[in-house]
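First, one chain by itself: the form predicted alone, in structure tokens.
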Amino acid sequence: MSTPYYVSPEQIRQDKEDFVRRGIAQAKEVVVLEYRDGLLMVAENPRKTTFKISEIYDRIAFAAAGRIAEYEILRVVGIREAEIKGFRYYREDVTAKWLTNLYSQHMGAVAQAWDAKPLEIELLVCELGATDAPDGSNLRNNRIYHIAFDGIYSEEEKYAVIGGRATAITEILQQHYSDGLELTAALQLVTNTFRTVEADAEDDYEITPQSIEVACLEQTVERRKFRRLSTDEVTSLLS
């Protein structure tokens, strides 16, 4: 009787990490950053048939990088679960932290299954904080959660980046980001950062209003805070 082939759990985990990193390295980037009136989300996405940024609930949005089919399933599940929870209980019970835990459990379970392919995606779950405190103060408790393929998540401050060149983009934002940016300045910062990174790439392409996807969570609108910017709006802001 032959001896079963043995692979250590550490080696399996390392192989899965390498596999996912190779896939994510090819994914175009998504940036979420805080600006004066909320959270701005910008993605390199020349496709017009798919979205990398989406509304989940009243004050919550979702951004993803990686395999479209895999994160699209999670987007739909997130919307359904949020609607069910808000209907059964209170709308205020639907939070980014709760949704992040939901995604984390699912992605972690897939990654830990020895016979399953890990999800080749990274996620950002964003929530616009309330600005009217009972004492009349102006709060700024926005939430940005970054979820890796294995379900491990972290809370980011001010901005977050996912995708193949996330490290390079983060380094540029560290140098040029400042608090209280207007929407126009924030969008120009992100697009200029994309252009800088693309200039160093072998297969660079031009960053234009047609090749990026832009949305925001705005304090200035009514209950549903998510707003997707049209190509004409983006063109106007960048001009």
Partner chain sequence: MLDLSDYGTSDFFQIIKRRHPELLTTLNSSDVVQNPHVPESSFRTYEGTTVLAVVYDAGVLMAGDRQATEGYQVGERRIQKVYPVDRHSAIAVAGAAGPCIEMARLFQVEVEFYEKTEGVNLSLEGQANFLSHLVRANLGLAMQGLIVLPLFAGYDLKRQRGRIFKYDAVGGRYEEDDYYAIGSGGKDARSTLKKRYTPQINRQAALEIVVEALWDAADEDIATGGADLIRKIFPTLYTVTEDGVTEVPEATVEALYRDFIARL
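Predicted, not measured: the structure shown is a model, and the values here were computed from it. Numbering follows the first chain given and starts at 1.
As for the form predicted together with the partner chain, it is not shown, yet the points below apply to it.
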Self-check item: Which of 65-73, 191-199, 32-40, 177-185 sits within 4.5 Å of the partner chain in the predicted bound form, heavy atom basis
Solution: 65-73
Quiz item: With the partner left out of view, is L173 within 4.5 angstroms of the partner chain in the predicted bound form by any non-hydrogen atom?
Solution: no
Exercise. Using a 4.5 Å heavy atom cut-off, state whether Y103 contacts the partner chain in the predicted bound form.
Key: yes
Exercise. Answer yes if any heavy atom of E92 is within 4.5 Å of a heavy atom of the partner chain in the predicted bound form; otherwise answer no.
Key: no
Quiz item: At the 4.5 Å heavy atom threshold, is E83 in contact with the partner chain in the predicted bound form?
Solution: yes
Exercise. Within 4.5 Å of the partner chain in the predicted bound form, which residues of 105-124 have a heavy atom? Give them in sequence order, or say none.
Key: H106, A109, V110
